[in-house]
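As a starting point, one isolated chain is supplied in structure tokens, in the form predicted alone.
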Amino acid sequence: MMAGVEAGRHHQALAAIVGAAGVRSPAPREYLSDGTAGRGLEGWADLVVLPGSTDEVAAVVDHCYANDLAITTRGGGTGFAGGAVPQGGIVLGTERMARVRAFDPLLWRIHVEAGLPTAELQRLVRGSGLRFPPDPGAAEQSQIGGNVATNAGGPHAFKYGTTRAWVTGIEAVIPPGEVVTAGGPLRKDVAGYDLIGLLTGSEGTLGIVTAVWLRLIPAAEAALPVAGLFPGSEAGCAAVEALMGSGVVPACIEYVDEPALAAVGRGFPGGAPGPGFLVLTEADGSAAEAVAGRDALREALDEAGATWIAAPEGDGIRALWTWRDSISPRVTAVRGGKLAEDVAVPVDRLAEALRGATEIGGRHGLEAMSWGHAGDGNIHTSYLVAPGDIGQQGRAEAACEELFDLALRLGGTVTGEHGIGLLKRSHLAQRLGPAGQRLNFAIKRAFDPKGLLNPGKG
């Protein structure tokens, strides 16, 4: 932490840029952690700075770069990798930058600032009969800039892709305080390297996203889910492959393994489906397309050996997705705490990964529960712990390390959608290999030669 006189000098200089109300010192505790707070991950910072415009962001970065102050950009603070946890310097929050700069419903596009909440964007475009498909969790708290910085996914990424697929342009501030624009309100652009792709998913280590142009699509007339129960993970994972071969492109393919379903199944709309491995899928499109697709998906589940099938309609559809969104907190409540990790493997190795994740928990004396995005091979495994039990916490950390190794052995990755952040930085080289790591370092130096943007990440 900087000395009082020095902190006061920076406070005064930054307040001159963003206004006195836009600088907070000492840094409020809520700005020092993110979704990893339950794992005890908390950082430190001297100041929190809340710019209200791109020009103010540029001026803040200019001041920080001239004075060797680290900058950790923060959106809604909902990430699960510690990407928004500061390691000194300042926290730059984007919450005051939440304007819609332009909305062109007839051209299926919108231009928004980074601090706009994800759910607010989704509601706005829905009112014009459009859809922004990415649906990460915590949409009410997460912000578009954070979604872009982490390349956020969600259940419907199976059909519609992650956030990157919907970004046509980015405005960002890069050191030492320059505003750069890549792409824009256009659907095609192959001029130069893919700067949009580099900045999307860079977790604030290359630049600070201040605004984005997003592509939209007409909202589906109908979306009809189907859930099927299977005796175990082997049968359930075989059903996932059957869905992919059904001739229909499902909007999503989700799963809940046996231990997780035993913990959360009582809340399933219409009553618990019973013990087993749950597969949840959905067909969307016009009303006729959705009905035909649902029937085909239901038939695929039946032929794959489902012991129980449900196809909610009306209010039951919303109730089903509300239940799906509640799985994580319900699992946390079983023991009072959990260490949850996000890995991904090829879909044909999904059953091995799930079996291995459970075996890892058993070796460490921990209950393991998994759910996630089966169609993407994206596994969210939680090792349950009691709050304050240091022994369980340590064993769970060790189990997560083994889970990363398992995913890599199966040809997968240490993160499917949550990012690297602080928690997985030691595994990045293992995932990328020596040549890939050298390229990563070179790109980082090109954007941020002093290494002041989100230090300690990536």
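Being a predicted model, the structure only gives us computed values, none of them experimental. Residue positions are given as counts along the sequence shown, with the first one as 1.
One more form of this protein, predicted together with a small molecule, exists but is not displayed; see below.
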item: Segment assignment from 344 to 352, 294 to 302, 241 to 249, 137 to 145: heavy atom within 4.5 Å of the small molecule in the model of the complex; value: 137 to 145
item: Contact test, all of 150, 207 and 454, partner the small molecule in the model of the complex, heavy atom 4.5 Å; value: yes
item: In the model of the complex, the residue from 373, 364, 215, 131 that sits within 4.5 Å of the small molecule by heavy atoms; value: 373
item: In the model of the complex, the residue from 225, 75, 377, 228 that sits within 4.5 Å of the small molecule by heavy atoms; value: 75
item: Interface membership of residue 418, the small molecule in the model of the complex, 4.5 Å heavy atom rule; value: yes
item: Interface membership of residue 89, the small molecule in the model of the complex, 4.5 Å heavy atom rule; value: no
item: Touches the small molecule in the model of the complex: residue 306 (any heavy atom, 4.5 Å); value: no
item: In the model of the complex, residue 236 touching the small molecule (heavy atom, 4.5 Å); value: no
